[in-house]
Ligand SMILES: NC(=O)c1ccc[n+]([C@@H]2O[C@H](COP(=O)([O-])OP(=O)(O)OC[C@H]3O[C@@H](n4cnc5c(N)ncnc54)[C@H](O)[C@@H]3O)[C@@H](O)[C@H]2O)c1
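Quick heads-up: it's one chain on its own, the form predicted on its own, in structure tokens.
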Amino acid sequence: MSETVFTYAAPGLKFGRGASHEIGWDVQQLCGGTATGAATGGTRRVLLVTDPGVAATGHPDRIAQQVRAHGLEVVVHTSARVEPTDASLEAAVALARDAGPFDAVVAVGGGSSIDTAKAVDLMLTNPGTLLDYVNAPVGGGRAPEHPLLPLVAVPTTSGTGAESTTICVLDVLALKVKTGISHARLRPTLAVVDPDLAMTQPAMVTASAGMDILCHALESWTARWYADFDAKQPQQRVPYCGANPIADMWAEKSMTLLAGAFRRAVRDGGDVEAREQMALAATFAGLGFGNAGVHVPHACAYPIAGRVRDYRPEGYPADEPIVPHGMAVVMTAPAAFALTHDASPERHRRAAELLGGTGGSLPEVLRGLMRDVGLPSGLAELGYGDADVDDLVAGAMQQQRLLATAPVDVTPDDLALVFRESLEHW
């Protein structure tokens, strides 16, 4: 029997230039509209999670002061790590437990800070270990037993969509694989999207994060249609339910905005209109893929990021190798969408048109955009070669939660072809 039901959910949203200046009031309302706290019997306490790079911009301290001005105590932790690992998340959880208890959590930063805050919130409110909650087969796939604390997500980059989604992404160091925790309770309570906070993004960060927006939109747009899945019982429903009419609307609008703003935002970080449109595109894409799901490019991205050797992109911390998430995702996107084309040719053609393509295929349009915003020319530039393909395939095949959303049944041979065709794009 085929599925007849799809689901849709989203956080509360406050969007616009200057929106971050209202967070004190927002957090106070989520804490009951009063400074009297349930956690300690005294003043309500808020944990603000960020990373050192974002902290240096001054945005987290400003937001913390605004929250304090509303009578709440704020503890600021710069415990997030760019591209979180199980070790970094466990360290952040330990710090939060030592400083707690708390009544709410605020995340200020990119997807790494927001995902760190999600993990901290989960482990402050639920028993067990972090790995218990990591998606199977890497982890135990355990569902949270208790509600989480209210979480306000304040993105400072335009890309990850973490402020809208139920996903926390991390690297499991011992296995050299990127995976995640996925549950509806991880979705932030409120997303506060202030385009002004992204004005300081370096060009490569803008390019990588923008590709994450693009792939979120494209993958949800081309995902398996919700009615093509087998029917589920209520307890079997998961956040990623497949492409559906509501998610389609957000993905389509996101691609339209990207066509007009992406190149401009990379070329001129001070272009206020382009930054605002990129922030809106990221929000729309998050509202889409956070329900429809992503598929092959994201599944391939996890081992690409998890097995990095010595790649250090401009604009990111240089203390250790890293492949930023959006960059890892888009590296295989042209080949991945060539693989999925025959499942829905009209959707792939429509996506190319929405992105400004003039008669070119979707893979051609993607390669042109990658080149225009200065991304690496392929996996070879990130340090990968043909000898790495089998290992990358093995890592991608572990992402069955994502591959299940693909519009075609994906085999190891399919993924091997995708990785080999992604070694060099031009």
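Residues carry their position along the shown sequence, with the first being 1. All values derive from a computational prediction rather than experimental measurement.
The same protein also has a form predicted together with the named molecule, omitted here; what follows describes it.
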With the partner omitted here, the residue among 205, 247, 89, 215 that in the predicted bound form has a heavy atom within 4.5 Å of the named molecule is 205
If you check 283, 156, 332, 222 against the named molecule in the predicted bound form, which one has a heavy atom within 4.5 Å?
156
Tell me whether 183, 292 and 306, taken together, all sit within 4.5 Å of the named molecule in the predicted bound form, counting heavy atoms only.
no
Test of understanding: in the predicted bound form, would residue 57 fall inside 4.5 Å of the named molecule by heavy atoms?
yes
Given that the named molecule is not shown alongside this chain, does residue 378 nevertheless sit within 4.5 Å of it in the predicted bound form, heavy atom to heavy atom?
no
Would residue 311 sit within 4.5 Å of the named molecule in the predicted bound form, counting heavy atoms only?
no
Any of the heavy atoms of residue 115 lying within 4.5 Å of the named molecule in the predicted bound form?
yes
Region of this chain that lies against the named molecule in the predicted bound form, out of 195-203, 96-104, 247-255, 227-235 [heavy atom, 4.5 Å]:
195-203
For 77-116: residues with a non-hydrogen atom within 4.5 angstroms of the named molecule in the predicted bound form?
82, 83, 84, 110, 111, 112, 113, 115
